[in-house]
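In structure tokens, one chain follows: the form predicted alone.
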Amino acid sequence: MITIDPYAGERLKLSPFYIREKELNIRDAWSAWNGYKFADYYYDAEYEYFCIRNQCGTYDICPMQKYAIQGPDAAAMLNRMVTRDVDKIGTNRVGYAVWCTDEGRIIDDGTIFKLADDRFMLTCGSPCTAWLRKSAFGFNNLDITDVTDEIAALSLQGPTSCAVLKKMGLTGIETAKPFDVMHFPFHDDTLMVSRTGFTGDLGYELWINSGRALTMWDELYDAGADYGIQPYGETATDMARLEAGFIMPYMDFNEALKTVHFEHDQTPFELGLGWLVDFEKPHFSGRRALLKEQQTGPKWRLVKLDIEGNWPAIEAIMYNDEECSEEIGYVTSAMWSPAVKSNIALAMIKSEFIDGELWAEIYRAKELRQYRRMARCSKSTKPFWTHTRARSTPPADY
């Protein structure tokens, strides 16, 4: 008798690495990302965080959307879609990018891999097929393919990551500069490695045909056995990226096409990403609105905050004085940083208050009781945590 699963179309897809990850996820702590079953943590989020900071860890980025964009019109199409100048990205290099509506509101952020003059890969956190099709209007010599399920991707981050890849046999990986892409033969296939990541530390991302995913995992973990390699999930990722000062969708910004309320989405200038907006290149989506905003200044600005005390300012409201005279913004991400030994946060502040006093109204529960504290905040212009090995080539050996 054939049993039909009535919920087959609703069940989460499994990553090509799932068989190995399931064995290691002893807490059975899973969430979802883009229709994939995805680890929130494996054993303990803080333990996994320290693995990233002191040895190395792997983070499954298979659910990340990946689009192959190729053809004679590929570069021109991307240049019209994103705010940065794609022509300035070198071959076998990766560029961070954002793309906006005509009103200059950010749809999503992601990375552009330039693999040849007419061949690119775009990665982003959410499905973007419909916007890509709209952006491709008028470009006839172009092919856009969603390759999310065809390419398995694994992020390897931490101080021992380069040593692990060298032991794995990736000769010359130590010569890769930040945002470089290198290609290595791998079991009659090609393993693509980019020196990219989301932790502020030394790290790489490995891209392989899904059919070779488990082979790559096994060889990577064999090589990393003496270097403390461990898997880590979304919670540890969020800790590391906040220390590095990186933004996260649905935490620090809303995707414009999914935002209901007026101006509850953000612009590049509001998020401190004005350096990604190139007005010297030809027309791109949102150019007119962003040019106007550059002249008038953004209404809001995302700032890094050092907050007194040790109460994480999660979902805190920002004020211009300790008496809460006027509400001036809100905290988007916050944590007590184990590496910095400080209370850190990102917050959206109304521009007219950015140079004045900043206070956070923090609530914290203890044994079912709510407590309130006003905490003075100071702005930081640099990442809360970073390391020279993240930028040096070759990175330090461990």
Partner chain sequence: MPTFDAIIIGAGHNGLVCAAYLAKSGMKTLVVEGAQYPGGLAQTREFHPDFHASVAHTISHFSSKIIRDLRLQKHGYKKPNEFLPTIGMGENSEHVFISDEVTGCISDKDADNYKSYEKRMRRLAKALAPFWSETMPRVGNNNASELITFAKLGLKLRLLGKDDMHEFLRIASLPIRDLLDEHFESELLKASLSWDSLIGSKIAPRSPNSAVLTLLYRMAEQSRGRHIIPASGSKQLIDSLCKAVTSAGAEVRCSAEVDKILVNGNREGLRTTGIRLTNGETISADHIISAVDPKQTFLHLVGVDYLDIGFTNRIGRLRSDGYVAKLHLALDGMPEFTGLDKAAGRLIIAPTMDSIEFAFDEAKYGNYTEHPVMEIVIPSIYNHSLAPDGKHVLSAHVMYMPHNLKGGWTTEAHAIATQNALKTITKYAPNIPDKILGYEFLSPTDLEREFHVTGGHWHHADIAMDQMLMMRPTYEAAQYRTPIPGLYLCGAGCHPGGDITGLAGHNAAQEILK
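Numbering follows the first chain given and starts at 1. Just so it is clear, the model here is predicted, and its values are computed rather than measured.
The discussion below concerns the form predicted in complex with the partner chain, not included here.
When you look in the predicted bound form, the only residue of Y221, F186, F139, F179 with a non-hydrogen atom within 4.5 Å of the partner chain is F139.
Taking a 4.5 Å heavy atom cutoff to the partner chain in the predicted bound form, the contact residue among G197, P268, P159, G286 is G286. For the chain shown alone, D102 is a contact residue for the partner chain in the predicted bound form, at least one non-hydrogen atom being within 4.5 angstroms.
Within 4.5 Å of any heavy atom of the partner chain in the predicted bound form lies no heavy atom of K299.
Though the partner is left out of this view, E280 does reach within 4.5 Å of the partner chain in the predicted bound form, counting heavy atoms only. Remark: N320 does not count among the residues lining the partner chain in the predicted bound form, judged by a heavy atom distance of 4.5 Å or less. Look at 306-314, 79-87, 168-176, 231-239: in the predicted bound form, residues with non-hydrogen atoms within 4.5 angstroms of the partner chain sit in 79-87.
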